[in-house]
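Okay, so here's just one chain, in structure tokens, the form predicted on its own.
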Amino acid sequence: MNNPSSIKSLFVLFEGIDGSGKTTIIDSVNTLLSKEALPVTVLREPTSGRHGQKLRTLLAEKTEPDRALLLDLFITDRLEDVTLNIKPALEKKQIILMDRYYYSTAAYQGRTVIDARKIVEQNQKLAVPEPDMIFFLDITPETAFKRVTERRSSKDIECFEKIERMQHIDEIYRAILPETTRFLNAGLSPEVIAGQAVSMIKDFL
């Protein structure tokens, strides 16, 4: 592989349904790349900014938030993320490890596949940076649901984590992700999954 000082920028996106272990894998990939002195920036959406915090508050409410408001906030938060974080990191030739992007918005907010594809197109028309690599943590909704129930209260699960909902999100994800998406077996250990992702990232570089 090239000397770290000569590495080009790379935008790596990680997507997956709740319970897929996505955030854990990103942390492990970050650790492995950083050990090789590679310049890494970890980002996530919704962000920790004003719009992202409002999104998290709305998504945590017991009642279903207004869908149009959510989509508007996602886009506003994303555009701010692009300006403040994504573009500056790419200009500095960083390897961005992104935890969710507009595919996630489409999968979770789209009522149908057609609806979700419209959300993807809406984001792409904004000319936001496109990921160079997309990883999808591949797991059955049933296994993911079991993981989620083990870390949240039964009351929360009853409100937000119906398995039918997870199946719906998983189906939409698989319909809208690009053909170049790399699927990682989320049933393997985090160490193995992270190692596979790092190997593919280094090959790309």
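Since the structure is predicted, the reported quantities are computational estimates derived from the model, not experimental observations. Numbers for residues come from their place in the sequence shown, where the first is 1.
Below: the form predicted together with a small molecule, not depicted.
Heavy atom of Pro39 within 4.5 Å of the small molecule in the predicted complex: Looking in the predicted complex, residue contacts with the small molecule do not include Pro39, since no heavy atom lies within 4.5 Å.
4.5 angstroms heavy atom contact with the small molecule in the predicted complex for Phe74: Heavy-atom contact with the small molecule at 4.5 Å: present for Phe74.
Residue contact check: His168 to the small molecule in the predicted complex, 4.5 Å heavy atom: Close contact is absent here: in the predicted complex, His168 is far from the small molecule, nothing within 4.5 Å, heavy atoms only.
Interface membership of Arg151, the small molecule in the predicted complex, 4.5 Å heavy atom rule: Arg151: contacts the small molecule in the predicted complex.
Options 176-184, 51-59, 133-141, 31-39; stretch whose heavy atom lies within 4.5 Å of the small molecule in the predicted complex: Looking at the partner contacts, the answer comes out as 51-59.
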